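Presented below, as structure tokens, is a lone chain in the form predicted alone.
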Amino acid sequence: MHDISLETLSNWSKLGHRTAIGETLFLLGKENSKVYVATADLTPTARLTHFLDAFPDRFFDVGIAEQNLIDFTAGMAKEGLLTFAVGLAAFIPMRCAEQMRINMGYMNLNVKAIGIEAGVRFGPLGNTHFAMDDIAVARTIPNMTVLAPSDPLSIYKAVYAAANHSGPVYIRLTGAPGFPILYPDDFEFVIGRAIEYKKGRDIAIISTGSVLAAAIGAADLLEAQGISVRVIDMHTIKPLDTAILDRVFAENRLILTVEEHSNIGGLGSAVAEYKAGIDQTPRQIICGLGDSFKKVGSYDFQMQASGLTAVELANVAMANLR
């Protein structure tokens, strides 16, 4: 792995998660000649031109054919290559759910599928380009690991962790250009082990993806009112870190799960499923995109309308803290 400078992280933050993923794959490709990247007509869009220019024999663009993308990368993985399939989260895994279920999950092949522009970042393009249900689909596939990194360095760490993990992985990327740097310094990223970003005894906010920034902002607002808030970066949705959840259930009075995903089938559902088997746990509020199609509007509009801002999350916490 490389030491990623704060200047590089700032540039990735300014340009968005596509640049972070494209440059990370380039760095990984320099280190490992078995790394191959394929995409579905997103070579410049996903910022993969640097990888293409450096390793033209290890890059493929299959066109607008996400199902073929998964089959193609699975075939390469079958030959012992470390393959990354990059597509829009609105189409991966939805359009190619069967291919991911059979060729990644059932065959347990070493394919890493990356969904860019997850959630509602494509606001003006409408619901055909929103990915509000991709976690729900991916985490039901046996053998599938599901990651949702929160910031530029977290993305870099997630890709390297996925590369060192044997088996299929889905990496979900959210956040508009300018998404904040939450980890300016090096940190340990372990699949299946959440990060306790802040300690607190009253409320636990468990978040995943770039909306972690809003969760941290909500915690700051609540703490200004004398409320102690624990913030957890649940960057791995499958396998879930149940050890940290056991601590939350024992030590906190209220749980908010925060995600840029449908309220059904995502992080909130995963936490609730585990929580259902344990007696005397705190109340859980699921904060997400709800269960409805969205009006067309900017990314900021979508997040505001869904209540996924620091102010709205703090208000929900205050209203439900007993």
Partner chain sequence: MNQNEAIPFIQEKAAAMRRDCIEMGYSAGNHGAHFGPALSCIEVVASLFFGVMNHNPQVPSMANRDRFVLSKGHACLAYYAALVEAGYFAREVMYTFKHDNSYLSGHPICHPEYGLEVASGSLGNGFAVACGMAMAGKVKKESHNVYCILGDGECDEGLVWEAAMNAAKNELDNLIAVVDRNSFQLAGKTHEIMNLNLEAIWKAFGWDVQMVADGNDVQSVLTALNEMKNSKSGRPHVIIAKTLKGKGVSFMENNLAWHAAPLSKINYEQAVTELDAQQVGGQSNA
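Positions refer to the first chain, counted from 1. Everything quoted here is computed from the prediction, not taken from an experiment.
What comes next is about the form predicted together with its partner chain, which is not displayed.
Visitor: Is there a heavy atom of N68 lying 4.5 Å or less from a heavy atom of its partner chain in the predicted bound form?
Guide: So N68 counts as contacting its partner chain.
Visitor: Though only this chain appears here, would N110 touch its partner chain in the predicted bound form if you measure heavy atom gaps against 4.5 Å?
Guide: Output for N110 is no: heavy atoms all beyond 4.5 Å of its partner chain.
Visitor: Is S210 close enough to touch its partner chain in the predicted bound form, meaning at least one heavy atom pair within 4.5 Å?
Guide: Contact check for S210: no, nothing within 4.5 Å of its partner chain in the predicted bound form.
Visitor: Would you check, heavy atoms only and a 4.5 Å threshold, whether Y106 touches its partner chain in the predicted bound form?
Guide: Yes, Y106 lies within 4.5 Å of its partner chain in the predicted bound form.
Visitor: Is it the case in the predicted bound form that F60, F72 and G75 each bring at least one heavy atom within 4.5 Å of its partner chain?
Guide: Yes: F60, F72 and G75 each sit within 4.5 Å of its partner chain in the predicted bound form.
Visitor: Based on heavy atom distances of at most 4.5 Å to its partner chain in the predicted bound form, which listed stretch, 257-265, 45-53, 22-30, 60-68, is the contact stretch?
Guide: Comparing against its partner chain in the predicted bound form, the contact stretch is 60-68.
Visitor: Go through E196, E98, D246, E223 and name the one with a heavy atom inside 4.5 Å of its partner chain in the predicted bound form.
Guide: In short, E98.
Visitor: Go through L81, I141, I227, A161 and name the one with a heavy atom inside 4.5 Å of its partner chain in the predicted bound form.
Guide: Exactly one residue meets the criterion: L81.
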